[in-house]
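Single chain ahead, written as C-alpha cells, the form predicted alone.
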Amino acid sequence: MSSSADNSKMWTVRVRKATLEKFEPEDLLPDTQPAYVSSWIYVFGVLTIAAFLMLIVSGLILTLEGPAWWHTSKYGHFINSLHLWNVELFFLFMVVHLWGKFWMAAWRGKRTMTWVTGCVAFFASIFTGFTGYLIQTNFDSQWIATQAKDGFNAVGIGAYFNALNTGQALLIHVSLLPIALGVIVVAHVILVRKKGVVPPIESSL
C-alpha cells in the first residue's frame, strides 16, 4: 500500500491537480455574467464557436459521402455550400473577435495564455482552410495547389507537405487539423471560463 507522499508523484494525481482541482463548477458553467458582457463585441467569440460547430457537422457529412457525392448530388452541393459559407462566417467572426480583443488588450489580468491560445487557433484555422481549398477537387483547387507547391518548395518544406497530393491534404484536413483546432478551442474556452471574460479597459482603470 503506497503512502500519500508516494501517490502525489503519480501522473494521474498530477494531472488531476493541474486540471480538475483548479476549476470550480461555477467557473466552468456560470449562471451569471458581468453587465459589460452585454456589449456586441463579446458576441463574436460565441459566433465563432457556433460556426466552428457547423463546420464540424457539415464536414463530417462531406467526409462520409466523399467528393463524388458533393460534385454530383444536389444535396451534396447544398452541404458543400453550407460548409463553404460557414468557413466564410467562421473567419469573419474570428477576425472581428481577434481585433476586438486586441484593442481591449485581452491579455490583461493574467490572461496571456488565453490570448496566446486564441492566436494559435487563428493561425491553425488558416492552414485548415488552406487544406480545405486543396481538396475541392476542381480546377480552382488545382490552381491553388500548383501555386502553393512552388511556395512550399521555395521555403524548403515541399518534401514534408506536397500540395499536389490530394489524399495527403484530405487526411490532414479531415483528421489532424480539426482535432488539433478543436483541442486549442476547448483550451481557449476553458481559460476564458477560468480567468473570466476580460473587462473593457475603462472599467479596469
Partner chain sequence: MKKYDASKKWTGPTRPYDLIKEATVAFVVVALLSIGLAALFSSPDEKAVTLQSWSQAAPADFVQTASGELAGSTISGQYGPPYNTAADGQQLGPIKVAKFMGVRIPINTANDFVLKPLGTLNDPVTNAAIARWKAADAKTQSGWATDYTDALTKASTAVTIADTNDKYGPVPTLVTSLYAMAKSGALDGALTTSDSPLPTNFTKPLLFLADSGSYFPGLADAQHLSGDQWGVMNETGSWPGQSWLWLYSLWYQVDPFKSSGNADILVMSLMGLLSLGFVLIPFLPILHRIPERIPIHRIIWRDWYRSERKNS
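Residue numbers count along the first chain shown, from 1. From a predicted model like this one, the values you see are computed outputs, not experimental measurements.
From this point on, the text means the form predicted in complex with the partner chain, which you will not see here.
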Consider S175 of the chain shown here, and say whether it contacts the partner chain in the model of the complex, taking contact as heavy atoms within 4.5 Å. no
Is L64 a contact residue for the partner chain in the model of the complex, using a 4.5 Å heavy atom cut-off? no
Contact flag, F123 vs the partner chain in the model of the complex, heavy atom cut 4.5 Å: yes
Test of understanding: in the model of the complex, would G158 fall inside 4.5 Å of the partner chain by heavy atoms? yes
Only counting heavy atoms and a 4.5 Å limit, does any residue of 64-92 reach the partner chain in the model of the complex, and if so which ones? W70, H71, H77, F78, N80, S81, L82, L84, W85, N86, V87, E88, L89, F91
